[in-house]
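In the form predicted on its own, a lone chain appears below as structure tokens.
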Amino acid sequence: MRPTMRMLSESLVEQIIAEGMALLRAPGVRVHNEEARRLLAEAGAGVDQTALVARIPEQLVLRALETTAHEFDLYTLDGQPVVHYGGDQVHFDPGSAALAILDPETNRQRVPTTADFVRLVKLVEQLPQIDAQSTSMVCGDVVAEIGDLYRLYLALNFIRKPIVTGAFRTDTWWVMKEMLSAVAGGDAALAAKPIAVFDVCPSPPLLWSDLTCQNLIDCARAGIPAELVSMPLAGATAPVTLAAAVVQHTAECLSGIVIGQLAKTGAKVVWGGSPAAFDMREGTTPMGDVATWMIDCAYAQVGKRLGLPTHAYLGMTDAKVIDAQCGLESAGGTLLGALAGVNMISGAGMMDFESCQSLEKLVIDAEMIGMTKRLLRGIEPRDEPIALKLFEKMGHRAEYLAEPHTLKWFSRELYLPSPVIDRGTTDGWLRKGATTAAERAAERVKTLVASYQPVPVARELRAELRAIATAAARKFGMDELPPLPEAQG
């Protein structure tokens, strides 16, 4: 039996879906993309071209739900399926688009650089608990206009795992797609075995910007999966009651499903998000708040009821340093999202809401994820009968440490963490330097990054990727990209 958690009753799920569809009819969704409005109008939606509002009938939504992809895989750059979007399979990737990195030497935030980003992707490649990469930080040593494509360019030089990414512009999306196609072996190969998924974010409440709508349309037509990241802020840009915030999320995601299917029937679109319960005392969007976790798990349940692949931003903290708050908030979101069966949980390593990445937090989170994955496997009867024959042999002898049965099963029954987790005696801890979890994590980062093995990327492909990225940079006045760090170490 797999442990699971449900946030909503079945009747409440049905009511949320019904009210989400009703919102699409009135007041409808604001769509700032001309092509999307045309597609909606041609499909039978009522479109006010002056107010930029589309009123989407329920029948159009139901048709889109029938044709959208209900499951799909992401592939490694070697062509192996390693992430399955669908059912209750759970995977993890680091949080994306951080504007800062926590410097372990100063314990203060600073602007990330190319070297920081490369260290992070090398680290993720070395962490078996993390299933996918992400374009996790925005590098401050390139012009802002290429911040999205530059992250992807760097990652493709150092990774084999699939990647969760996203575009900040409509024109840079095409550059990113060109790089992905170069690595995959062409447009058809990329569509057949996608190695990336793009986040696309509707704006609350009930609005699609020209940028995100175009990204969604372009992903659909290229056969690249798109991950809807609906972000209702309960009490600010969404109703304060959690169920009502989930209704808004439902409407925004349903509209994204419709637009994706109108762009291309069968397009892969993920039911995802990054909502929060707005903190009215501080004016912040706490990702470690229990109400935020509840909204995420509730909307995931709605997505599953519709038979769709799911995603959530969870496992993050609002803490500014690696401390007890950091662990509490990260663990709570990770565990609840996994028990809810969210297919992709983004957020490992992320702190200070969604603005800062920490490599040291990432390795601590990896241990938490390892424990969570063990939890999801549940308790299995390894023998038949479960214990009677073993007790018949052992009787009252407390000698299981030397028993072959223990050797056979202990590595599959237990989760054995890295040295980041201290399970020694107090004397042993003192002998090893009486270190904190953050200090042990810093050492683990150094060890894993140093042991990274270069990925087999052909010299010609590296040169092609650099040429594509450099050409884009020159359009914005940057003649040369920063030197690519050495592949080793």
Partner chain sequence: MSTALLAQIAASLVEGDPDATVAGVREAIAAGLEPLAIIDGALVVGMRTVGDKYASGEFFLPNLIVSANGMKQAMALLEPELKARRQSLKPVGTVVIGTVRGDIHEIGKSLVGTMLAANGFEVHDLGVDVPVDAFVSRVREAGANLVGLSALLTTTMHGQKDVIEALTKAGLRGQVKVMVGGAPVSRAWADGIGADGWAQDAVSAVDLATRLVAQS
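Worth saying up front: this structure is predicted, and the values here are computed from it rather than measured. Numbering follows the first chain given and starts at 1.
Below, we refer to the form predicted together with its partner chain, which is not included among the displayed structures.
Interface residue in the predicted bound form among Asp218, Glu178, Asp73, Asp279, criterion: non-hydrogen atom within 4.5 angstroms of its partner chain: Comparing distances to its partner chain in the predicted bound form, the residue within 4.5 Å is Asp279.
Looking at Asn157, Thr237, Gln126, Thr170, which has any heavy atom no more than 4.5 Å from its partner chain in the predicted bound form? Contact residue from the list: Thr237.
Though only this chain appears here, would Ala243 touch its partner chain in the predicted bound form if you measure heavy atom gaps against 4.5 Å? Close contact is absent here: in the predicted bound form, Ala243 is far from its partner chain, nothing within 4.5 Å, heavy atoms only.
Considering non-hydrogen atoms and a 4.5 Å limit, does its partner chain approach Pro381 in the predicted bound form? Residue-level check for Pro381: no, no contact with its partner chain.
Can you tell me if Gln325 lies within 4.5 angstroms of its partner chain in the predicted bound form, counting non-hydrogen atoms only? No, Gln325 stays farther than 4.5 Å from its partner chain in the predicted bound form.
Would you check, heavy atoms only and a 4.5 Å threshold, whether Ile257 touches its partner chain in the predicted bound form? Outside the cut-off, so no.
If we take heavy atoms and a 4.5 Å cut-off, which stretch out of 317-325, 358-366, 392-400, 281-289 is in contact with its partner chain in the predicted bound form? Comparing against its partner chain in the predicted bound form, the contact stretch is 281-289.
Give a yes or no on whether each residue among Val83, Ser274 and Cys297 has a heavy atom within 4.5 Å of its partner chain in the predicted bound form. Not one of the three qualifies.
Hey, which residues along 195-215 are within 4.5 angstroms of its partner chain in the predicted bound form, non-hydrogen atoms only? Contacts from 195-215: just Ser203.
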